[in-house]
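Taking the form predicted on its own, here's one chain by itself in structure tokens.
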């Protein structure tokens, strides 16, 4: 079997080896097992059901939520020589009849359909007649009400599982907390499924957060610095998408808007324009993107704050699906958070509103955290980043500058004190900043705050800089935002103590704009970079676009950017050399080999061959292990060594990780009940009491270890804080706590 699978992978899809988990998932499915696969965007989920579909007899049904995704995937399969089709409402009656006839004749290997069609009328009887031998449920998180994109129609699919008792089901998604995983197993009625949870890490993505100042200008500057690259700009409102697209277009950057309020024909037209490289930028609400198969999106910009971490991860995951370096930029403003809170007032379900508020809070924690972005993001999904520096976020790249903010902090906190002293109540962040900068507003005059001793003492900084400082002081526990809808900011006891004392305070400054990606020939390569002849690459992109227009398919259906960059690196001259390029299978060699080889030959007649060195392949990842109680494979390895009697220092040395990382692994295992340890082996009773007292005094939760560590003066190491949290959560698990 493995040899056959590798033949299919090489000859049909043009790849020499499987990515982590792909082969294990495929073999489990071919063995007749139900499978749950949690794989990040860009990890090759489609291969997990396309290869077994070609390896087994009969038809494989793929349940997909979006019409556009079905068409793109079928176009790509047909270009690879695979007999595939889809059934949905976009087909005219005659075309639908022809496809149904083809299914009756057994000429298709894969059928794509939406859940509504699958559960409608006698479609299940049709599936039985057509000889369905496998079912793949894509975007499976949609079945769970705990997921970020719940779709009620997915709930009906449990009946399909009952009607096809001997057919293996494969549920795939890019994002699922432990709670969502359990829910989708239950809702799809899966039978003792094998569960594979890959790393959520996307190593080719660089994460950057900058203060939101003038978002249109910030987006324009970023996009203008990347000519020829495709990107998505996410905004919360429909009006915002149209205004951003119009502003970019007015500056000569091809951009269109996408939101649910557009007329369906125009919405589809705008999406197609982006997929086919007719416009560079799509400005969209969250209505755009799930399942969009465009692999060469080089950046995703969130011009407004996402409402939760799942959405943020899913949306940033639409960048760099081809594995090439890509950027994820968040323009952060606390004002967006307050706007989102106001929307909660319209919710009639108090419990749902409380959940949404907590999810927003986690998003704020991420944006304001001084820790590695990758570490915090992966930590949300229960994965520990095994290292101290990811090398590809604004924190780890050192784009945040530490500075002595003692004076600035005292000015800000003094202003809070004086406002409260004068008016007997607190006011919002905007008002505090206006007092500090000496603004002449009606509210300042109304309350007489122009007479405060702190009025105008912060005129040397911009309002956005003061907002940034205020946000960090809140995170550190020196100030507190009220939990009501007014969102006032007031001084805490810790803030009063800081004002009275002489303790210095370091804060960080963020860049006003994201830096241009380091992709020039004289700059170091980023993860996933493929150096190539950029002139030839541009010519091959033009040729690809021409062929795509002729075939009426998106350009990436012909070849992805990664394949073109390898062509512009290796300069193949023969069919054999062309077939050795990643992403070239036998059908694409037959269809496109001659024309691309001719284009390369013409280029070399007029240009020197560049002597570029092919990048060394990335180190092979450790063999994946199945998760246990939501604990990642790398954490389970640390647990195994600990059970064998190895100490923390020894495990760190053996695995090439820090002791802090090993402690994080063991602490997570304690929380999940995988490892039973004694708290006294890791921290004293006095330390426990001090931690608890500090958390209570500062109003800190278990998700705010950075702020807690700072509040403790750095005297209790992070390792002990991780263990304290683990023991507390083990003893007092919160209802509905997600792993």
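Every value quoted in this text rests on a predicted model; they were computed, and no experiment measured them. Positions refer to the first chain, counted from 1.
From this point on, the text means the form predicted together with a small molecule, which you will not see here.
Quick one: does residue 52 come within 4.5 Å of the small molecule in the predicted bound form, counting heavy atoms only?
Because no heavy atom of residue 52 falls inside 4.5 Å of the small molecule in the predicted bound form, the answer is no.
Does residue 45 make contact with the small molecule in the predicted bound form, using a 4.5 Å heavy atom cut-off?
Flag for residue 45 set to yes.
Give a yes or no for residue 12: in the predicted bound form, does one of its heavy atoms lie within 4.5 Å of a heavy atom belonging to the small molecule?
No - in the predicted bound form, heavy atoms of residue 12 and the small molecule never come within 4.5 Å of each other.
So in the predicted bound form, is the small molecule close enough to residue 671 to count as touching (4.5 Å, heavy atoms)?
Taking the distances in the predicted bound form, the answer for residue 671 is no, it never comes within 4.5 Å of the small molecule.
Between the options 373, 212, 321, 566, which residue brings a heavy atom to within 4.5 Å of the small molecule in the predicted bound form?
For this set of options, the contacting one is 321.
Based on heavy atom distances of at most 4.5 Å to the small molecule in the predicted bound form, which listed stretch, 35-43, 673-681, 690-698, 56-64, is the contact stretch?
Only one stretch passes the 4.5 Å heavy-atom test: 35-43.
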